[in-house]
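This document opens with one chain alone, in structure tokens, the form predicted alone.
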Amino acid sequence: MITFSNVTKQFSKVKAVDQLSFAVQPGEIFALLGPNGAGKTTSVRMILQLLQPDAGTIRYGESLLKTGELLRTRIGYLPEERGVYQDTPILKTLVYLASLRGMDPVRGRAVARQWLERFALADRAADKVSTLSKGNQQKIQFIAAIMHKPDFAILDEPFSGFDPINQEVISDLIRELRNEGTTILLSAHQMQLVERIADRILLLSGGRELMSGTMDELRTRMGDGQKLEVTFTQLSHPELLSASTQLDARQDVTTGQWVVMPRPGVPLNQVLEVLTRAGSVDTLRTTQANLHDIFIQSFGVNNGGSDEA
């Protein structure tokens, strides 16, 4: 559906995207993840042709093209920032935005009402968008992005502003869209939700691919996918954990428990040797690494950056 081939984009001295190559396959949920400044926003803007690459090519699936030009009516876009008119009635806003995607106003009004019913907002149709809570405004923006049934949808932070119940609702809707034929490019910070719904994941760092694949493939890249949860009765040498080349370790500030992941190729007995030299182990439990663990191990807890890229 979308193919990047050695795409590069530079702003002044900052190379936001650096020879990036990846492909989003038709009918999948593809997650584009990374810390601030990794190049996610720039990549999305190039897909939408709001920016042009300095080098490389971006190719589109046939359903997104007409006489060689990008057919924007077949794309849905949920931006991270609020993109709906605050002082316009909700239903009127949705009908107008649907018309920009090629929907007949009569059809757009009917579909908008169906979605408002689904989100329990039908009785607010005549209210201004500004009267809604942050979460309900996000629902309106979500409806606007997908009500025309796009072939390809870009969802940037779709869970923003939602409580856990509504995050589950949106997760189910994203899977439903995929099952009905919409290819989805997803960017979000809720790792547990992304892990559950994404078919493939690309971790982006400094405008380059750090790693990509299914969750099982990412776990393999990080070693054998094992995670150790460790508590110490006495931790005499914490520096051995932070300086070790055999493992990555971080302490949960809430529980005090240590989360330890072996480095690729390091056998478990070597990890245990480091732990016992660091202190007296009280409890140790082996579990499977999740996406949050992989993200933290890949980028570190202090990784910062600019939202510009």
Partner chain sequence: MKHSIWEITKNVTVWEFNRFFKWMDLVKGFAFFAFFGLIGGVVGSWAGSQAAETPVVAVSAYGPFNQEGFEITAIRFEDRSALPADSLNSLLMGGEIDGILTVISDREATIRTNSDRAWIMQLQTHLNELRSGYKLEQLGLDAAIYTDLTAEVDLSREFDSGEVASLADKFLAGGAIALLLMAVFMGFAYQFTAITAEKQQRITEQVLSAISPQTWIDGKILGITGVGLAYVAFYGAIGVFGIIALAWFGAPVHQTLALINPLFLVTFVLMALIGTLMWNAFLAGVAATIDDPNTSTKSGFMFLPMFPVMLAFLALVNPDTVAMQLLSIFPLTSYAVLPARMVLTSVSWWEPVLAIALLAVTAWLLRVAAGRIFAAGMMMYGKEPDYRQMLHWMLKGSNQTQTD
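Everything numeric in this text was worked out from a predicted model, so none of it was measured. Residue numbers count along the first chain shown, from 1.
There is another form of this protein, the form predicted in complex with its partner chain, and it is not shown here; the text below is about that form.
- In summary, among the residues 57, 245, 276, 52, the only one with a non-hydrogen atom within 4.5 Å of its partner chain in the predicted bound form is 52.
- Put simply, of 226, 73, 166, 220 only one has a heavy atom within 4.5 Å of its partner chain in the predicted bound form, and it is 73.
- Segments offered: 196-204, 178-186, 89-97, 158-166. Contacting its partner chain in the predicted bound form at heavy atom distances within 4.5 Å is 89-97.
- None of the heavy atoms of residue 268 is located within 4.5 Å of its partner chain in the predicted bound form.
- The shortest heavy atom separation between residue 144 and its partner chain in the predicted bound form is within 4.5 Å.
- In the predicted bound form, its partner chain sits beyond 4.5 Å of every heavy atom of residue 22.
- Although the partner is absent from this view, residue 119 stays clear of its partner chain in the predicted bound form, with no non-hydrogen atom inside 4.5 angstroms.
- Highlighted residues 258, 284 and 295: none comes within 4.5 Å of its partner chain in the predicted bound form, counting any heavy atom.
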